[in-house]
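Below sits a lone chain in structure tokens, taken as the form predicted alone.
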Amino acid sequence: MATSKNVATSPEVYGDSEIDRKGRRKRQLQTTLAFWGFVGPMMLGLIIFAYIPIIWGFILSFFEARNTITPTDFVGLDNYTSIIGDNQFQNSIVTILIFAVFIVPITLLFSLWLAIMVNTIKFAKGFFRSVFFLPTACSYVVASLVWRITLFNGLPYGFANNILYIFGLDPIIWIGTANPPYYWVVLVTVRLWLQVGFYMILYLAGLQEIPKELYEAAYVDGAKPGGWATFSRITFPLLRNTTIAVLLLNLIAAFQAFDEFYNILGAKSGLALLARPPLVYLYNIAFTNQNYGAGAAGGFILVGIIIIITLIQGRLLGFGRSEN
């Protein structure tokens, strides 16, 4: 008993355990400092540039705030009702719905087609992935100005009109005429060029998750490689979750359209009346008319519309539904 007592109270044993505890605390402190060193700046940026403006904008939407971002008179839901009842806001919702009807299915089809083409080639896959994904890194402002000034400028030497000239067709004023509405071609093509590469990457990831054994079994049963039978019965059904994600993300992105409309059609010119989405309308309300309370209320109304449409679309497509 004396021996065990001496061992338990031995300073060497006690000293070793104390050193271990200090070493663990030091490592934990280093890990914590490293974590906050990497995550802290991002969290600080989110708090300052995202969370605080959102909270302040929500508070501002219930006040009369003209020519100032400081709440003055409490007006309750008056800003919300005035925005909802504004015919121009209602027309902007119709405009963005038309834009979504065009851009969502076209982007889905093109991105799926590109993904299948890139996935089936035997060489330079990385090169083609990079080429098609590269426009995603391009600025929306720069791309919109290129589309307006060079590709679809409406002049005989413009790129699009040169293509028409090859086929013996007359030049077209792409931007500036309400009937026929050729400006939709400009708006849809620039957004398609900018985002199709991103969704192609999503489909490529989905294609690589499909077991190759399914295709081999189909080929044994007589299906042709790359034929409609394998696409309709294997490829597309197994890309269901990816397709739902592409549709949801694309629809949300369509409702957030601003740069192409603002830079191609303008914000205050007569061309803007041809097609003005909600964000351009709210931009004019908040920054041109300096009615920040109504602009903030319109922003939250738009967020609510996006959430509702996304939930409905996800419900109809079976998002989150368990598969038996």
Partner chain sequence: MSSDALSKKGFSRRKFVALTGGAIVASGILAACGDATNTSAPAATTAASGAATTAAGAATTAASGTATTAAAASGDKITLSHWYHQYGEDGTQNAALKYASDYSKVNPNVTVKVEWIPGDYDSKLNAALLTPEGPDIYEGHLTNSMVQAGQVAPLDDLFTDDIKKDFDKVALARNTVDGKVYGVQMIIDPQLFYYRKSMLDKAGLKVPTTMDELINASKALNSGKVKGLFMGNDGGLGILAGNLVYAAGASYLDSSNKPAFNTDAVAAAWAQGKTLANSGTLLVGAPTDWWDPSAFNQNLSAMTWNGLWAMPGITKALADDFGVFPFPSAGPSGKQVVYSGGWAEFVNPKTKNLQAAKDYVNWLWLKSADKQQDWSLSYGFHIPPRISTAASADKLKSGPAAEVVSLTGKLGYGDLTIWNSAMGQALSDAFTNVVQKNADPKAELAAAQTKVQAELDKVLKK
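These numbers were taken from a predicted model, which means no experiment stands behind them. Numbering follows the first chain given and starts at 1.
Quick note: we don't show the form predicted together with its partner chain, though the next part is all about it.
Answer yes if any heavy atom of F62 is within 4.5 Å of a heavy atom of its partner chain in the predicted bound form; otherwise answer no. The answer is no: F62 has no heavy atom within 4.5 Å of its partner chain.
Is F38 part of the interface with its partner chain in the predicted bound form - any heavy atom within 4.5 Å? F38: no contact with its partner chain in the predicted bound form.
Heavy atom to heavy atom, is S139 within 4.5 Å of its partner chain in the predicted bound form? Within the cut-off, so yes.
Whether N179 contacts its partner chain in the predicted bound form should be assessed with a 4.5 Å heavy atom distance threshold; does it? Yes.
Within 4.5 angstroms, counting heavy atoms, which one of the listed stretches 99-107, 184-192, 203-211, 228-236 is next to its partner chain in the predicted bound form? It is 203-211 that comes within 4.5 Å of the partner.
If you apply a 4.5 angstroms heavy atom cut-off, which residues in 247-264 are near its partner chain in the predicted bound form? Stretch hits, in order: I252, Q256, F258, D259, Y262.
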